[in-house]
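Below you'll find only one chain, the form predicted on its own, shown as structure tokens.
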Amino acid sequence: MTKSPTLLLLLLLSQFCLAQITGAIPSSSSIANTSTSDSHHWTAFHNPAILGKIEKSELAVLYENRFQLSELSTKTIQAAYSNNLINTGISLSQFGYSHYQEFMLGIGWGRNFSNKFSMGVQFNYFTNYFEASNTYRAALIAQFGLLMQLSPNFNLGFSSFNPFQSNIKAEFVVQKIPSIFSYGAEYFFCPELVWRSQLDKEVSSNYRIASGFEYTMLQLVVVKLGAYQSDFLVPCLGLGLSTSAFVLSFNTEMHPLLGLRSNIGMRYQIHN
């Protein structure tokens, strides 16, 4: 078997074992992907309501590697612009290698309503490429999100990715794009220690349950510990470095069947 079919087989296997989620959706900087209620960090293609919580414009890049294969990696760049009326985010993600690739371009808007709740909407243009037929196929995907502040220490989040179940229609087949509904909770025991949990449901896959803690030491170093359950129990570890304008995040998880998965992200906040 040649290298290309082997990589394609691994790609399909990883998609199946990871609840059939497209690789173009990047992992978040939140431990165990508990990003739906993360009121401090917006990650592209997760909850667009988090855009409404951004107080400074920012730029970010993320790189995710699956199972130590560069062909199964996701690269993301995102930018958010903050103003007094509504915040805007633009993001681009690419997954795959030369024989098969997925691209997703998104633009979203979020608004904070008196710190009681924030709402967001995003539209994504999803495209895949098959080298064998030299063809591109595309679909337009909607996202909606909500973040509610029930108390100064407690937030609830909801997000939906592709709720209308858009798919890519080729000449002979239909490629299914996942429809994901996520519910999250965030609780601050103190400003330095936060706990987040999340429940995800892709309409044709099993539930995914995730939970994690993040602790900030000396207002600089962030230690993360969490896990999620979706067919397998997957432990997650992470470290971060946070200053007033710059955030560096590194997360890892160990899948018992497929191995190591890691992501690194850099975020720079711009004073408006």
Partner chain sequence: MLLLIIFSIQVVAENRIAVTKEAIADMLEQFSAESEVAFDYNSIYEELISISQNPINLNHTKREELERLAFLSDVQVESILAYLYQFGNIKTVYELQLIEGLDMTDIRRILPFIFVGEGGNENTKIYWTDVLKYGKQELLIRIDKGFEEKSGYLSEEEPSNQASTGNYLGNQFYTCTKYRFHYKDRIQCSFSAEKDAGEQFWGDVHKGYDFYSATLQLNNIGRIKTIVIGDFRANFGQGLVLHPDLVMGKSSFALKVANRNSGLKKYSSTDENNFFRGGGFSYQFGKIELSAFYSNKWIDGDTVNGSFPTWKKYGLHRTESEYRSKQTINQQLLGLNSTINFSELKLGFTLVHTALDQQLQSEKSTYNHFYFSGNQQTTAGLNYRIRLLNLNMFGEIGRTDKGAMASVNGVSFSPTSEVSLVALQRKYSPEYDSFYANAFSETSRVSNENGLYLAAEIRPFKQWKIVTAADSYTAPWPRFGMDAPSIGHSYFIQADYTAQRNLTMFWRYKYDEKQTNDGLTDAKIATLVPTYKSSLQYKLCYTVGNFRIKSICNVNFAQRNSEPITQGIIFAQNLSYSPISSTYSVDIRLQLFDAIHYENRFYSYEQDVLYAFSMPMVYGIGSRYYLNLRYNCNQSISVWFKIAQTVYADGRENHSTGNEMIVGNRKTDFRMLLKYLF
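Predicted model only: the values in this text are computed from it and were never measured. Positions refer to the first chain, counted from 1.
Beyond the structure shown, there is the form predicted together with its partner chain, which is absent from this document and is the topic of what follows.
- Checked against its partner chain in the model of the complex, the candidates 197, 160, 88, 74 yield a single residue with a heavy atom inside 4.5 Å, and that residue is 160.
- Among 81, 189, 181, 123, the residue placing a heavy atom within 4.5 Å of its partner chain in the model of the complex is 181.
- Here the chain stands alone, but in the model of the complex its contact with its partner chain, taken as any heavy atom within 4.5 Å, falls in 147-155 among 189-197, 102-110, 88-96, 147-155.
- Contact with its partner chain in the model of the complex, defined as a heavy atom within 4.5 Å, is made by all three of 116, 176 and 203.
- Proximity of residue 63 to its partner chain in the model of the complex: non-hydrogen atoms within 4.5 Å are absent; the residue sits far from the partner.
- The shortest heavy atom separation between residue 135 and its partner chain in the model of the complex exceeds 4.5 Å.
- In the model of the complex, residue 207 approaches its partner chain with a heavy atom inside 4.5 Å.
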